[in-house]
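The chain below stands alone and is given as structure tokens, in the form predicted on its own.
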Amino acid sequence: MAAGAFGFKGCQKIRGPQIRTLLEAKDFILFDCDGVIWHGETAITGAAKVVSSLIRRGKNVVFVTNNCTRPRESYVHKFYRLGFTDVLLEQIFSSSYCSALYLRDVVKIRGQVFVMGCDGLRRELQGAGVPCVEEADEPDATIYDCALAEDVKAVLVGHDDKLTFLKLAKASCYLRDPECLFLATDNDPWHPLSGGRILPGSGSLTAALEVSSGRKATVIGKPSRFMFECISSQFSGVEPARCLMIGDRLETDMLFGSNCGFDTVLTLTGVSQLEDAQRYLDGEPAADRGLVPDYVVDSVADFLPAFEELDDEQSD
């Protein structure tokens, strides 16, 4: 039975039997991380069991995250720490890792990269053999008198909680060279914190640099298709029609799935809620339809009854 054969796709709330039908039609299950399988340092109830059950049933499970603050090795440790004991390095596709692949394998960078980002992003680039500009300014240096590196062929913007005006000014100077690439790990505008506070995301830093440079960044992470190209390059036989994207953010996860030709599932444990999706479904323009999930679940834990039904069938 084809996915979607059990009813109209478009913000459809699904449960046990429908989820089972959907999973049977898919080979690759793509998960966002924060807001979907964990919140910070707390795993979402049932998420580890869902991931383990999918892997045990022979599904290809991959994790696609716009979080560029940690290298993939650090993600493996986090998965294990939170009870996801069967997740391997090669299943993790972060925007920092995909940025490193883009610089190394797609544009084949011949020169240095100026990074507006955290140490985790820099370590991922260095691990791929991509040379980064070393920051060695005096504490009182300004854009009027600081040294500018030679041979900067790309500026890469990611999450940077140590952003300074000097970094922004330097990046603006490098981008005056039209041959210098302007890349962003992702365009997430903000991230939720506890107590109703928010953390500005990479997209807010990219926007500042776009204004100062008069240029537009090429975005590597979701909703760009490039993350899917990274997955396709490392797993054989990835067909979009056999992929399912599970995420919590309409503007990144659902649009990424739509851009790549995947069926999409919105889980309501993160940023976007059902009424947000409904507004896009009911509103204009039609271009916003890519932001509408095909299916909706309250939590990834809603997948667990589907596995129990499969186990019951196999034991009959």
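Residue indices: 1-based, along the sequence shown. Predicted, not measured: the structure shown is a model, and the values here were computed from it.
As for the form predicted in complex with a further copy of the same chain, it is not shown, yet the points below apply to it.
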Among 239-247, 92-100, 218-226, 136-144, which stretch has residues with heavy atoms no more than 4.5 Å from a further copy of the same chain in the predicted bound form?
136-144
Answer yes if any heavy atom of residue 131 is within 4.5 Å of a heavy atom of a further copy of the same chain in the predicted bound form; otherwise answer no.
no
Does any heavy atom of residue 203 come within 4.5 Å of a heavy atom of a further copy of the same chain in the predicted bound form?
yes
Residue-level contact is defined here as any heavy atom of the residue lying within 4.5 Å of a further copy of the same chain in the predicted bound form; does residue 164 satisfy this criterion?
yes
So in the predicted bound form, is a further copy of the same chain close enough to residue 197 to count as touching (4.5 Å, heavy atoms)?
yes
Quick check on this chain: which one of 172, 74, 126, 112 has a heavy atom within 4.5 Å of a further copy of the same chain in the predicted bound form?
172
Contact assignment for a further copy of the same chain in the predicted bound form, among 82, 180, 183, 168, heavy atom within 4.5 Å
168
